[in-house]
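Just the one chain here, the form predicted alone, laid out as structure tokens.
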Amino acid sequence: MYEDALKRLDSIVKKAQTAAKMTFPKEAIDILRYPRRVHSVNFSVRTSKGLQVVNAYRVQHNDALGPTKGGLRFHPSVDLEEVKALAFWMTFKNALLGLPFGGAKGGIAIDAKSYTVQDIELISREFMRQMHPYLGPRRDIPAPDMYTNAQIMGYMADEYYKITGEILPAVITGKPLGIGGSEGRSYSTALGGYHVLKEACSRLSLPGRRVVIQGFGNAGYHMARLLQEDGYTIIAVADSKGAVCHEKGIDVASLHAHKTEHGSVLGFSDASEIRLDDLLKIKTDVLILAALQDAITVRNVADVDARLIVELANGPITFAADEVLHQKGTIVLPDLLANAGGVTVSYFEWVQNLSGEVWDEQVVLTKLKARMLHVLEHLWDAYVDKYQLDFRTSAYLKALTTLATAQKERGWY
């Protein structure tokens, strides 16, 4: 994954020179090719399954813009290369959104579904005991990601307090509301993507309202809910176990209730089951990628039949597949922008924690919409229309400009 991310960076730099006559100092790009700090730990925890040795990682990719910021995921496939790539993308995402953060990411290599709630608490607290010297409100601030949630962030924030003797809510974002969390954080990733999608459809005059969603976790569910409430028709949904389809539309609330009870969208009575591999073949106006990275590769990109793709997940389209989609004329709203609602509201939570303020939900949501649309409009006017560039290239160029300037001003090159 990290090599693929670097290939994309090199391609973006070349496009900047040829299409926009923009050049970046080689030193600035070289710095961004390497993470500044990599933490890898192995720790043992006595769980209901017996003694477990757990592998965990935290990568702080670049802190030119401020303390590093990024999510923490639980997944059995997590490895160092994946976390490096995710941290790399966070550096660019935070720069694009104008947030005073560098990029970081963390991962714990476990199958969270196979552990009890008590086991997850033990693992979460031990992770904080292992990593606390490298974390802090002015150093590196984790947040929820795949298979982590507000309660897990609460365990970690509490453990940090037990270790240091200081109650510092800003050490972690995405916490429960009662201990310093922010209104709107739980669905902010989807809401940010929804605002970007709506504005893009309006400016591009895309009339179609048929939607396919890959991934029905927190982000995928909330995106489906928001779109259905706005009159879009959700014709197919997939999770990690299977997919369901109904040409006339799926009721999102009913599907969510079914998954909550049964653990999967499979078996939902008001839709037909289809193969996971067939989901991307469905002709649709909008495809939402809200599952894992590398969902679309050179192996299946030819099957994709969508006019517009929204990357609600991180890195769901490989570099090579992205080039094919561009040639096909498929519009891609990239992860750097489309899923940045989560880190944006995490920033709002951090600000509230540091200042001692508490914002109501409407204040948070208004600020989120304004920031997401401001960035999209800037990309459109300064890059997409001006140089006839795609959205991903435009997002990287804006972020690169910010990062190169910050690194220069710090005297790094």
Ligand code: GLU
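One-based numbering along the sequence shown. This structure is a prediction, so every number in the text was calculated from the model and none was measured.
From this point on, the text means the form predicted in complex with the named molecule, which you will not see here.
Enquirer: In the model of the complex, is there a heavy atom of the named molecule that lies within 4.5 Å of any heavy atom of R185, even though the partner is absent here?
Expert: It does: once the named molecule is placed as it appears in the model of the complex, R185 has a heavy atom within 4.5 Å of it.
Enquirer: I'd like to know whether T284 contacts the named molecule in the model of the complex, with contact meaning heavy atoms within 4.5 angstroms.
Expert: Close contact is absent here: in the model of the complex, T284 is far from the named molecule, nothing within 4.5 Å, heavy atoms only.
Enquirer: May I ask you to check whether Q60 falls inside a 4.5 Å heavy atom distance of the named molecule in the model of the complex?
Expert: No, Q60 sits far enough from the named molecule in the model of the complex that none of its heavy atoms falls within 4.5 Å.
Enquirer: Is it the case that N353, even though its partner is missing from this view, gets within 4.5 Å of the named molecule in the model of the complex, heavy atoms only?
Expert: N353 lies outside the contact set for the named molecule.
Enquirer: At 4.5 angstroms, heavy atoms only, are K69, T173 and N314 all close to the named molecule in the model of the complex?
Expert: The answer is yes; K69, T173 and N314 each reach the named molecule.
Enquirer: Name the stretch, out of 272-280, 128-136, 69-77, 202-210, where some heavy atom lies within 4.5 Å of the named molecule in the model of the complex.
Expert: Residues of 69-77 come within 4.5 Å of the partner.
Enquirer: Would you kindly say which of I234, A143, M156, I296 lies with a heavy atom within 4.5 Å of the named molecule in the model of the complex?
Expert: Exactly one residue meets the criterion: A143.
Enquirer: Give me the residue from V196, I152, I250, M90 that has a heavy atom within 4.5 Å of the named molecule in the model of the complex.
Expert: It is M90.
Enquirer: Residue by residue through 345-364, which ones have a non-hydrogen atom no more than 4.5 angstroms from the named molecule in the model of the complex?
Expert: Residue within 4.5 Å: S346, and no other.
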